[in-house]
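The data below hold one chain only, encoded as structure tokens and taken in the form predicted on its own.
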Amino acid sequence: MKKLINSPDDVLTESLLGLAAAHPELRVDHANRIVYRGETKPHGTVALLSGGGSGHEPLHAGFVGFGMLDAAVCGEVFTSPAPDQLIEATRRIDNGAGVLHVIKNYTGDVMNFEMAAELLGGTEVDTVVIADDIAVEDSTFTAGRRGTGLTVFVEKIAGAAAEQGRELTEVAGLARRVCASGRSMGMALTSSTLPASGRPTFDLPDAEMEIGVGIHGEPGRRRVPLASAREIARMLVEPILADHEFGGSPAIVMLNGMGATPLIELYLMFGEVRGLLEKAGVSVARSLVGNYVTSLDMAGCSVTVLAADDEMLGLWDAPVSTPSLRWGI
């Protein structure tokens, strides 16, 4: 295993030290492994909290800042954060208007967020659970569909709505509308390697690829021979189009890298994906290409498509300033 680390036991601790050094506009609680936005929102403004296992960077800490999250709670690699961490972060960011918990649909995340919400006193909490991965209904980590790329869309759109001063029920309702209107599917060319084990999480021969893989390396729909980018794009886009009606609405599309795929290949893939969507009558109004929801050093990509209305597009375009997403500032 070749990794830029000192000790497998200290990867998260030292990564957060580096994040704090690189982004002094953030505040990092190293004891509780919580990343906060530097400036405090005005009193009476809804706050957003998300989090999960590390190894998916820039999700979630990379999206803390103006227009997105108020805080992100970091678990160990591929491990859910503890309820105590979530309680601490929720209380710290509550501005008197309540806190929206943004949760990816994984069993540990859902359980620990629910436990935290039950134990919180004096703080109004609402939740949205993201389950956009159409590859499988149940997997190693979850009951029901997994939460993946649409998380970025929920955090951006709901974060912009909160920034405008909307009430918690409205922000949460908008987040759920995004969840209902978006779908994702991914694939892997290689496995990821956990620092603690030093071994690939699953075996994938050089001549094969996994279609529908999860962001923790969970099995997908099927394992097939390696194919061209055009054929891979078809394997991802066609199931998405079959699962939801995207015609008649402008779409926001993300071509996301799994961590080890270079941008030259991601842009090539986006060209193939956009062509397939437009051929199917889907108008791509906004796009995002890069590494946003990764799986350590996995090579591969995922596609997320959101059927957006004018309100969603306006909130997507609203100013944002975070380490990993920034425009309009």
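From 1 onward, residues are counted along the sequence shown. Everything numeric in this text was worked out from a predicted model, so none of it was measured.
Keep in mind that the form predicted together with a further copy of the same chain is missing from the display, and what follows is about it.
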{"property": "In the model of the complex, residue 281 touching a further copy of the same chain (heavy atom, 4.5 Å)", "result": "no"}
{"property": "a further copy of the same chain contact in the model of the complex: residue 293, any heavy atom under 4.5 Å", "result": "no"}
{"property": "is_contact(residue 169, a further copy of the same chain) in the model of the complex, heavy atom dist at most 4.5 Å", "result": "no"}
{"property": "is_contact(residue 269, a further copy of the same chain) in the model of the complex, heavy atom dist at most 4.5 Å", "result": "yes"}
{"property": "Non-hydrogen atom within 4.5 Å of a further copy of the same chain in the model of the complex for each of 124, 173 and 276", "result": "no"}
{"property": "In the model of the complex, segment of 145-153, 94-102, 112-120, 183-191 with a heavy atom within 4.5 Å of a further copy of the same chain", "result": "183-191"}
{"property": "Residues within 4.5 Å of a further copy of the same chain in the model of the complex, restricted to 61-99 and counted by heavy atom", "result": "77"}
